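The form predicted on its own is given below as one chain in structure tokens.
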């Protein structure tokens, strides 16, 4: 049975997004804008979110580690919403207070 959001990356953009997100270490997060900047498309934060919404392999592409520009949980997290995203991040040791994550970016 196929997952509802499962698909193969169809564009170079998606492949690059998935590669960057796959490299975010457990317990760390990046913003959609940071991911976009890392692939050379700083204005493409929304497109990064759309690509992650179509994540074909959540265990290997940890889209829960991508948050909004203010370090907030993603309203559009495709696999269970903010509650699931918070649970996954907390399991990795990320502190969450008032819907914001700490730390907010990997170095």
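Just so it is clear, the model here is predicted, and its values are computed rather than measured. Positions refer to the first chain, counted from 1.
Below, we refer to the form predicted together with the DNA, which is not included among the displayed structures.
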| field | Touches the DNA in the model of the complex: residue 11 (any heavy atom, 4.5 Å) | value | yes
| the DNA contact at residue 81 in the model of the complex, heavy atom, 4.5 Å | no
| task | Answer with yes or no whether residue 38 is in contact with the DNA in the model of the complex, where contact means some heavy atom within 4.5 Å. | result | no
| query | Quick one: does residue 33 come within 4.5 Å of the DNA in the model of the complex, counting heavy atoms only? | reply | yes
| Non-hydrogen atom within 4.5 Å of the DNA in the model of the complex for each of 46, 63 and 68 | yes
